[in-house]
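Just one chain is shown here, as structure tokens, and it is the form predicted alone.
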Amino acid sequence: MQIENNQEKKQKQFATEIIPKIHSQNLNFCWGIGNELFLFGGSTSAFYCPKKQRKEINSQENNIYILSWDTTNNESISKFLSQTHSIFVKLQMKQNQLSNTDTLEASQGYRIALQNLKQNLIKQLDESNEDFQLNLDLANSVNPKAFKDEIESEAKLVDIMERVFHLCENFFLLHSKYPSFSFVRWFQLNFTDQLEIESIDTESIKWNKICRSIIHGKFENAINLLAKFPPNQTIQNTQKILQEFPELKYQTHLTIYRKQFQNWRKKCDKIYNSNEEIKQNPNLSAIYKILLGDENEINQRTDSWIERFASKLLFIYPNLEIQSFGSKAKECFTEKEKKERINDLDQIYLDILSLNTSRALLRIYSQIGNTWLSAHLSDLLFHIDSIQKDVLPTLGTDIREFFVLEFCQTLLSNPSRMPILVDYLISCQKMGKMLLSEIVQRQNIDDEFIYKKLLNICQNNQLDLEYKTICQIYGMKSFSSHKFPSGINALLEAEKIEIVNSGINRFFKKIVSEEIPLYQIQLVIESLESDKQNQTSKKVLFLKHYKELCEYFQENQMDKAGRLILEIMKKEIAPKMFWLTLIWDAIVIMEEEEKKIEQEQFQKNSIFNHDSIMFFLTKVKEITSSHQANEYTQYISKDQLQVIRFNLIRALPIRIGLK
């Protein structure tokens, strides 16, 4: 949240910090989404450089550099964004049934959040001052003045945001029927201070404070200041006339108020003209001239056009129609102020008073550079039909959606604000869903938490294609990091059965090449069983048999293990890459059987008979003579292959006659 334009600040930052690291003479750049900046070489440079200093970029450096900067999770700003996001969402939920009370509560909620943010920033500044005093190392590593200036700059910006919001609230929501009263009230709350009398004040200062209190419409303060003077009839009459100033209340009808004001003005004029003491006293005379709406006196006693305009609304045209506010406000500029350039904030105030809210929002965006204010203010004004709702050709959408999308770009620079970002995007009927689709697909899915969060976003917003894309990306990433159960589940959701099969084959290779815990095999089985179309049933069947085989070996149940190997091989359940491994396991069981022969315990109904050995030899020949022999035999050495052949041939005569 910076006062200067965000894009300009980014450009300055990278131009001074990153660009010198490569040939800046030929550097070009392009902004991505959020906090991405792409730097690349070219024949010309996007940055000015004297012709003599230009160089040709080396072909080795002609790359695209993707840069991003760190985003800080300031606790105060995070809390502020969370509060205002809740208000924003409530407005969208009620958008078809919004009452004036709803929009007023929303505006007040935004202002309260801004006030809290300002207080937190000031508190942060006070705490940092103490830290700098107590910790000299911290003071040396961080520039205290620069830190203080940054916090004060942010606090100043928050104050401006609150003032602009308050003006729109008063002008369009709270007192739209009484615009004069609403502006004066806003002025009193935001631009005037308590003018308390002090013992060291000179008499001229005391009278000046009284006049300024009256100009600001703070009659009570002026009455209290007059009470400090020696009492006389003229002072008392002046206090009384100030007390009788007709205050415009919400329920007062304008016709009735106009009559009350005229009667009060006549009484004030009568006192002034009938009392020579007042005319002869320049201080008392100044008071009555202000009350009677003397423009020269008001102009002399005021310092700014806002102060002048507020006092004229009080004493000259209290019933001014809202359509005339802009022109009358411009008349309050002095000749000197007209010659000087009107500052951006005053221009924003003038645009609002002229009911040109669209131009005011564009100024907020371009001059102040704050996307939060332009987004939330435009949304509020949109709901009360106070800004243009048509699509603007220059923006490609309506003004409210444009500013909300710009605010989304700011949120995008911090991944932790993704849930907030989604609600803002979905509120944009024309382009929000399209941009959300782009953002979701470009997220870096590093872990299961982010994956599930993105899936939830897609489900809630009917992004079916994006849902499958995210599943596919996460599934393939899971396979790459050997997280096979997660990968299978994700790819089955994406309906990418061919990639699932490829992933299972990778898992099979992992089983063949190294020892895998049984629980991992079980997890893969459970993942595959979630396939509703049952397209992986054969692989599931093999994994179940293979897990069962491993359990038999762990429990030393060699008979059951041998029979299961024969079943797997004869029914061709096992993939070919497993054949040599299973035959090797069978040879281990055969050796156990041969020990029984030596102990005269060998049974005629042995697991592996002559036919079984011939079957295994046939399978070995089939594997080794295949055009894919290298693929099937890569998991055992040539010596192991020779050992398999030798043991099978050696076992043939022993098992002749066995069933």
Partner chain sequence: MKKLFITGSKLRSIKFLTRDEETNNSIDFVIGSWGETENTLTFYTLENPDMYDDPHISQTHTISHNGNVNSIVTYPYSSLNNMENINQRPQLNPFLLTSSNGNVTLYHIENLHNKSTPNNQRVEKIQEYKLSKLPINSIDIESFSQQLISAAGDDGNVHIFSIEQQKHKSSSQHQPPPHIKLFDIRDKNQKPNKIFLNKRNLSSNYSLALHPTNPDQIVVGSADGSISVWDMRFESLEPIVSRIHSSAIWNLMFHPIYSNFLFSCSEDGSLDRLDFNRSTLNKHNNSLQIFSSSLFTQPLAINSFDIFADLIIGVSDSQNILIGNSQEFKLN
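What you see is a predicted model, and the numbers here were worked out from it, not measured in a lab. Residue numbers count along the first chain shown, from 1. Rigid core: the largest C-alpha set superposing within 1.5 Å between the two forms.
The following text describes the form predicted together with the partner chain, which does not appear among the structures shown.
Asker: Taking a heavy atom within 4.5 Å as contact, would all three of Glu247, Asn263 and Lys270 count as contacting the partner chain in the model of the complex?
Answerer: No: none of Glu247, Asn263 and Lys270 comes within 4.5 Å of the partner chain in the model of the complex.
Asker: Pick the stretch from 102-110, 78-86, 234-242, 291-299 whose residues have a heavy atom within 4.5 Å of the partner chain in the model of the complex.
Answerer: Flagged stretch: 78-86.
Asker: Flag Lys483 as yes or no: does it have a non-hydrogen atom within 4.5 angstroms of any non-hydrogen atom of the partner chain in the model of the complex?
Answerer: Output for Lys483 is yes: heavy atoms within 4.5 Å of the partner chain.
Asker: Tell me, yes or no, whether Gln188 is in contact with the partner chain in the model of the complex, where a contact means a heavy atom of each within 4.5 Å.
Answerer: No, Gln188 is distant from the partner.
Asker: With a 4.5 Å heavy atom cut-off, would you call Leu523 a contact of the partner chain in the model of the complex?
Answerer: So Leu523 counts as contacting the partner chain.
Asker: Please run the contact check for Glu572 against the partner chain in the model of the complex: heavy atoms, 4.5 angstroms, yes or no?
Answerer: Contact with the partner chain, no.
Asker: Just to be sure I understand the contacts: of Ile420, Ile368, Cys332, Ala155, which is the one whose heavy atoms reach within 4.5 angstroms of the partner chain in the model of the complex?
Answerer: Only one option qualifies, and that one is Ile420.
Asker: Of Glu495, Glu567, Asp559, Glu448, which residue is found within 4.5 angstroms of the partner chain in the model of the complex when only non-hydrogen atoms are counted?
Answerer: Contact check passes for Glu448.
Asker: 2 Å or more on the CA of Lys510 between the shown form and the other one, with the rigid core superposed, yes or no?
Answerer: Lys510 C-alpha, core-superposed: shift of 2 Å or more.
Asker: Would you say Phe484 moves its Cα by 2 Å or more between the shown form and the other one, aligning on the core?
Answerer: It does, since the Phe484 C-alpha is displaced 2 Å or more between the shown form and the other one after the core fit.
Asker: Would you say Asn232 moves between the shown form and the other one, meaning its CA shifts by 2 Å or more once the core is fitted?
Answerer: Moves: no, less than 2 Å.
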